[in-house]
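Next comes just one chain, in structure tokens: the form predicted on its own.
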């Protein structure tokens, strides 16, 4: 069992004991901590991990609270029916708001969430049917058989059972196939798309998950307090929830609990202490929180949770080598020598700049084809046109006989193409093993719900075992469990190749794989590529290191000014007058 899971069970034991030893006031405060943790946990997944900034989570809390309050007070429905109705409305609103808001980026995204958060707050306060600013009282407590959760101590068990379940589910989610894809969304969305991740749909899933966590908190809020008013769901509440996630550790599941505990408990203590210190009342705690945030970001930008993990190394997860498992299904391989990639008349313009014009090439199974040319020749543009990162203005691209031009990177990856990048695209905080397993994303089957319930373990074992095999294949077994960001640049480039191999491609596109490698590393890479060629893999290689290219490739295509200048064997290209002129500016 992982240490993090052991920590969760130890914390669960402490939570179970707490109401037996603390006074009623602190039981109530712990209930508030549990409710806030649910909302902050959604922000950890949404903002800290997926990189989607939201200041509007309090609106989803309010929606759920008002729906269940209305149904139980006016329609005399069961609180459990209120839960179903609340989450249904929250899911619908999250789908609608997410479909619009997630199209924005940067500060526009944050402003968008503030906008609909304010709008929904004023809706709560102005509609007569919602009690306006007076709110709705006499909300009945939750009842489960003979159990009635009608007091702080009675509600404590329900609130924390839900909260601990949500924490465990979030931990399971991030430790899974969709979890790896979610962790790539923040900084490596283009890379994730190139390995088949539907980043737009995944962002919407995470957005809805965060909204549903807030909805559950709203339902519990209404039946715990027995009262609902709009004051609890204003923009300030949204900022508080974001503070909790950031202070606790915005990219760590436990950060939600740590941040919620610090903000909730310190607010109550400061409300008592600060007026005595300054001899009159005021909202001094807001000033203290602002100073706390500045000091925190100065000392530990990742939040308190990772800082504590460094102080308490025994709390970290111990690396576990993936168990032996059957390999995921493999693609049917084309016969050696058959045309796998056929590029015909490819063209691309950026305004008045012709980046590629009438570019054609053919790549066969079991062949390494080099694409070379001076800087600015258009190699990277052609590379991105073939892989689907850019859409061509003209021409055709066929993969294994089927046209793929006009398709996006995700669809092309599904058909059997994998690539590396000119500038390394790894998720630096993930381990080497997880980065490589991301390449096998399309070879897995289970989604987010299965991951949270942990019924995906057999599928996950196959993907991790495949990733481990590819890591061993490229000679990086010793660093399998290291953070990818801790590796030297040359090793990171090898990790990218292992990740591409985990996708089981028919065609492998490598963009300057030897850049940053030492001589011995280049020799090892060349040996690996020759092995892949013998196995029948088709490799298109863009590279500036001519010594590396000339001793490796079967054929060369030379580009200059966006056009094909020459094509042939490496020894022919070394003597080709036009190639010499393009590289050296002509001979005197």
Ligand code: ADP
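Numbering follows the first chain given and starts at 1. Just so you know, these numbers come straight off a predicted model, no measurement behind them.
The following text describes the form predicted together with this ligand, which does not appear among the structures shown.
Interface residue among 98, 374, 131, 490, judged by heavy atoms within 4.5 Å of this ligand in the model of the complex: 374. With the partner removed from view, the residue among 357, 229, 199, 380 that has a non-hydrogen atom within 4.5 Å of this ligand in the model of the complex turns out to be 380. By the criterion of a heavy atom within 4.5 Å, residue 394 is excluded from the residues contacting this ligand in the model of the complex. This ligand is not drawn, but in the model of the complex it has a heavy atom within 4.5 Å of residue 353. Contact between residue 126 and this ligand in the model of the complex is not found at the 4.5 Å heavy atom cutoff.
The closest non-hydrogen atom of residue 74 lies beyond 4.5 Å of this ligand in the model of the complex. The stretch that touches this ligand in the model of the complex, counting heavy atoms within 4.5 Å, is 380 to 388, out of 438 to 446, 240 to 248, 380 to 388, 490 to 498.
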